[in-house]
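Given next, in structure tokens, is a single chain: the form predicted alone.
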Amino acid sequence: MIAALGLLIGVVLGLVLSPDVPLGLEPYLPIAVVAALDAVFGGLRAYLDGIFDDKVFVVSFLSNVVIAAAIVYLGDRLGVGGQLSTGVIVVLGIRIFSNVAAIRRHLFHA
């Protein structure tokens, strides 16, 4: 319940305050959002499977975002940032869709 309340407060604050992302961080924002969504859907899947652990969720959430951003940063330094960004998006997208499929199977008992 506390996590849902925190998420709601964060979304409302983001919509009301409308913060600007610094120009240097703009390439990392989409990657961070997709990495965070991967952790959220993984956490929801774990909750529905009855194996959710809040500590594992927080570590997964933070490590997903940091690792994804580090991969994109490394790609930028090597001059292949676009390719590595695409790779991160594809891998995390596959994970998100597999988690959503498992959630759907769980909810609809298919």
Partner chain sequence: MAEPTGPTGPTGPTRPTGPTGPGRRPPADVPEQVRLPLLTLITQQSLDEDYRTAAARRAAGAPLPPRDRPRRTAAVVIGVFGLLAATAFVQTSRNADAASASRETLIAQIENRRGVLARQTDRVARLNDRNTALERSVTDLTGQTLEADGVRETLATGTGFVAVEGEGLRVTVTEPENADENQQVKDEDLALLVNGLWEAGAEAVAVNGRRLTARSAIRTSGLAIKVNGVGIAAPYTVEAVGDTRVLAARLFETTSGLLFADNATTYGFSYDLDNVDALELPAAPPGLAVLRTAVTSSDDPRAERGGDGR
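Nothing here was measured: the structure is a model prediction, and the numbers come from that model. Positions refer to the first chain, counted from 1.
What comes next is about the form predicted together with its partner chain, which is not displayed.
Can you tell me if A70 lies within 4.5 angstroms of its partner chain in the predicted bound form, counting non-hydrogen atoms only?
Contact with its partner chain, no.
Indicate whether its partner chain has at least one heavy atom within 4.5 Å of a heavy atom of V80 in the predicted bound form.
No, V80 is distant from the partner.
Quick one: does G24 come within 4.5 Å of its partner chain in the predicted bound form, counting heavy atoms only?
No, G24 stays farther than 4.5 Å from its partner chain in the predicted bound form.
Please determine whether I51 contacts its partner chain in the predicted bound form, using a 4.5 Å cut-off between heavy atoms.
I51: yes, in contact with its partner chain in the predicted bound form.
Going by its partner chain in the predicted bound form, which residues of 15 to 30 come within 4.5 Å of it through any heavy atom?
Stretch hits, in order: L15, S18, P19, D20, V21, E26, L29.
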